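The chain below stands alone, shown as structure tokens; this is the form predicted alone.
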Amino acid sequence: MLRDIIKKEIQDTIMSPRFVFTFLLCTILILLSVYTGINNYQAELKEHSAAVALNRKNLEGQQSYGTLAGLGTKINRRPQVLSTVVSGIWEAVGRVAVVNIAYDPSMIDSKYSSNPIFAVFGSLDLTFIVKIVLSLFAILFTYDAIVGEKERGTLKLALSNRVPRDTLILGKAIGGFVSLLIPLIIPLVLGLLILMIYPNISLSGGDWLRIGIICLLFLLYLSVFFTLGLFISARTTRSSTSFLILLFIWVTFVTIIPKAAVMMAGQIKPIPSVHKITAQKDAYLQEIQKEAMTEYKKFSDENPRPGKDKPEERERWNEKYKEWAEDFQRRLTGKIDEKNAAIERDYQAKMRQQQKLAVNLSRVSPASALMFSTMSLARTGVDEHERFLNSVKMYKPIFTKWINEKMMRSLNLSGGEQPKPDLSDMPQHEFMPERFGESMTRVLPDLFLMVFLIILFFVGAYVSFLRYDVR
């Protein structure tokens, strides 16, 4: 009997106009999102290669280590291959970090800054389609699953044939959910096949595992709204009322709660503006520059430079000055790095508290849970951005130590030509993407939340239907 109910539910749904419309729209959107994601990734990959080559050319073209220290080096973020599926925030937070001896590195040159029109419309990826489009279709498939049959009289007729209520609700749930998955699974499989065979797209076994978990999260997210629709349909007496309630809940889950969570976190855990932090760093840099002028004047007064008629004493003075300058430069840059690190550490601690509060508040919404979990798995979220920026900040003192040593050793106090920089021993920035286990640690709370909501809504629908008045 259960099998017949499931079969009938699938047949009725597939033959309906809303299923045909859902299937066509989802096929177009999903294939378009995969194609767009592949093109964006390949364009980002070409830009990354060109930017790395240009940065190397600029470094090699510097006339001295002094100009190289002022210019610094650019660390270009390599695009993530899974951004073809989940674009995340990386298009908005910057692609390049400048590392020099003076300023604390930060991310610049985002896709939105180079072309602001992208910020207006945003990106089209699979997460957006599932979060917005398919969750709405889940409501359209279920808002009249129970109450609609009551209004048409078919529910009373079915139960008059001694069909157990628990079997009927279970059959309708399984059949309806299978029908909902068809517009997702078929185009999704086609999209992943395109991703697999497309040239210059290389996915490792770990990447496919991450894609598999992302697809599982898609199914769980749709299950939340599907079971919610069954629950509301079994608690109302009119299909129009059921639809309005579900639409209100959808708007609350998808748009209101995430935005309200960020606003509340900003009020509860305020943080200073970026401009204020930058002003503090600039003010301290000016103090250091004044201190450098004072120390240089003191050294010059205590160690007057011999004249040209005393070449041996002048040579000894030059060596002494180089040693003093190297030590002094090391101490100054150490002070700058230490002060900037203290300011940044305080700012980052407050920002992490605010972010953690916003995330925890917004996780009440399954839409937020889907966004955070898929971005973590695709390594295009906030955590991966912070990991990359922290790796650049850890690289800065290494680069600073190298350039200071080179700059001091290449000083030519006789006024001759400065040697051109030798980049053969220049330290290189290294970044290790987050491991799968670390990503799953953050994904599990969102996964468990969705499973909990599915069980809660289905049990509510099951119990409500057992007591439902079909007259």
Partner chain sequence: MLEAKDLTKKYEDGLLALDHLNFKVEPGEIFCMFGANGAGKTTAINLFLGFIPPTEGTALIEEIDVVKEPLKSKDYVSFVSENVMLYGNFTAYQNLDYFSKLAGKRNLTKAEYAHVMKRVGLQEEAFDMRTKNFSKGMRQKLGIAVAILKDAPNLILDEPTSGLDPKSGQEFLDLIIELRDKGKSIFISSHDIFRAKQIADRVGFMLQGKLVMMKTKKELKGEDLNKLYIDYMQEHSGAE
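Numbering follows the first chain given and starts at 1. Note that this is a predicted model, so its numbers are computed, not measured.
There is another form of this protein, the form predicted in complex with the partner chain, and it is not shown here; the text below is about that form.
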| query | finding |
| --- | --- |
| Proximity to the partner chain in the predicted complex, single hit among Thr294, Asn161, Ser273, Ser204 (heavy atom within 4.5 Å) | Asn161 |
| The single option of Ile249, Ala341, Leu157, Ile256 touching the partner chain in the predicted complex, heavy atom within 4.5 Å | Leu157 |
| Arg152: touches the partner chain in the predicted complex, heavy atom cutoff 4.5 angstroms | yes |
| Stretch in contact, per heavy atom within 4.5 angstroms of the partner chain in the predicted complex, of 6-14, 457-465, 443-451, 21-29 | 6-14 |
